[in-house]
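Shown below, as structure tokens, is a lone chain in the form predicted on its own; questions about how it binds or moves come after it.
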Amino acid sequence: MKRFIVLIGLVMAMGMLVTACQPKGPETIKIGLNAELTGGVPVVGASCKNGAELAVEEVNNAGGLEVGGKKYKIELLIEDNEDKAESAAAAAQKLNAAGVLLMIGPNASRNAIPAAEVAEANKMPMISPWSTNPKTTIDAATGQPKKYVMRACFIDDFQGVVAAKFAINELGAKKPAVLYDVASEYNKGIAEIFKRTMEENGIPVVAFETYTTGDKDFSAQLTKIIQAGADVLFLPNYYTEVPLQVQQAHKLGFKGVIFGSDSWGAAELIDLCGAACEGYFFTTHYATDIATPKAQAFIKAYEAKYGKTPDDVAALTYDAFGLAFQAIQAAGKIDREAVNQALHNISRYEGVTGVMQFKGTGDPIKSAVVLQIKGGKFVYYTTAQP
């Protein structure tokens, strides 16, 4: 009897040992954030971080994300890409090494494109909230869509056309001009699409001027634009650069309308530009004053947490996390390949920035809005459908 009891004890001990040696599944879901927290566009990084933390907080406060019958808390790993291409790639490598299930960001196309190469090479799903340059989701070698990279925003092929049509139909442009950063993929790409669209509509661009990131004096280019008789000026440049460009244009005597793209969307533009930008327009991703009930709930929660209205980067980041959460649940397991397949199986997603439709690529088909700067605020002006 004593030997029997000892034998039973040994069997139980061995069973416990085997159980202890079995690999445990993850207790949390790691999601990486690759954002421009420092560098040239820190407001972009701050908004991205805010949108991410709000999305994660809401899920965790509800008990976690239910996947395959089990609830998991979301663990957010944040890396600063310093608004540099090489740092964005390094941040992506670091997040991959940390074992994140997927990566959100970067935002600026000049950072998203190199980070996307890292994501693709490591089969790490990536969703860029704000990168509109087509190269982010296209394989440079094959010209085919990348298999692991998506975005939550429209692309510049659409935005450039929207800007050109707005200049023709709303601003009555006859002699448009463009000033853009030739060293930045985003600025260069959208400027070229705008120019091509104008010319396809029989309207020549009378001045197509460039500068390089970090320049502060645009007087030579603006003088050429004015001498060419430009009646509208398109500035597809970042919110940190536009105020100087607008102010210098006014000082040199430019009398036409100035307008821009979604890179104007940070509220800091108004602080930096002041009355000089009053009445001007820009294309972007959503408008708070025509928000849907889902968007209104997001805006309310964001304002309660951060004490300010969310800009387009915050909203797009929140949507990127929404896409990620939906895909993880649809995958039913914590596995990159399964999640990536689930992401690419999403055909329609209703986000706070509008309805996204995916048709075989990582680029959503969605509408754009045009906002006007009025009374120190961004005010809805019109919608452009895809």
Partner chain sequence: MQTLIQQVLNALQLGSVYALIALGYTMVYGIIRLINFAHGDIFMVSTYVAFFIGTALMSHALRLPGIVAFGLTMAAAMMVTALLAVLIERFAYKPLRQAPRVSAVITALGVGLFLENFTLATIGPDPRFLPRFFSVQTFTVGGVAFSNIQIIIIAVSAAVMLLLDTIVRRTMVGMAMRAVSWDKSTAPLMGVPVDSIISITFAIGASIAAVGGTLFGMVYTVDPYMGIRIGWWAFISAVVGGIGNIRGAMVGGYILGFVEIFTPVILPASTYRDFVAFSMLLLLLIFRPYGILGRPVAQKV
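Residue numbers count along the first chain shown, from 1. Computed from a prediction, not measured in an experiment: that's the story for all the values here.
Although not depicted, the form predicted together with the partner chain is the subject of the following passage.
_One stretch from 230-238, 246-254, 193-201, 287-295 that, in the model of the complex, holds residues within 4.5 Å of the partner chain by heavy atom_ = It is the stretch 246-254.
Contact check for Lys94, Ala98 and Ala121 against the partner chain in the model of the complex, heavy atom at 4.5 Å: No.
(Q) Given that the partner chain is not shown alongside this chain, does Thr38 nevertheless sit within 4.5 Å of it in the model of the complex, heavy atom to heavy atom? (A) Yes, contact at 4.5 Å.
If you check in the model of the complex, is Tyr211 within 4.5 Å of the partner chain, heavy atoms only? Result yes; Tyr211 sits at the interface with the partner chain in the model of the complex.
*Does at least one non-hydrogen atom of Val43 fall within 4.5 angstroms of the partner chain in the model of the complex?*
Result yes; Val43 sits at the interface with the partner chain in the model of the complex.
Interface membership of Thr223, the partner chain in the model of the complex, 4.5 Å heavy atom rule = So Thr223 counts as contacting the partner chain.
Inset, instruction - Using heavy atoms only and a 4.5 Å cut-off, determine which of Lys300, Lys71, Lys308, Lys216 is in contact with the partner chain in the model of the complex. - result: Filtering the options by heavy-atom distance leaves Lys216.
- Pick from Leu77, Ile168, Ala267, Leu272: which has a non-hydrogen atom within 4.5 Å of the partner chain in the model of the complex? That would be Leu272.
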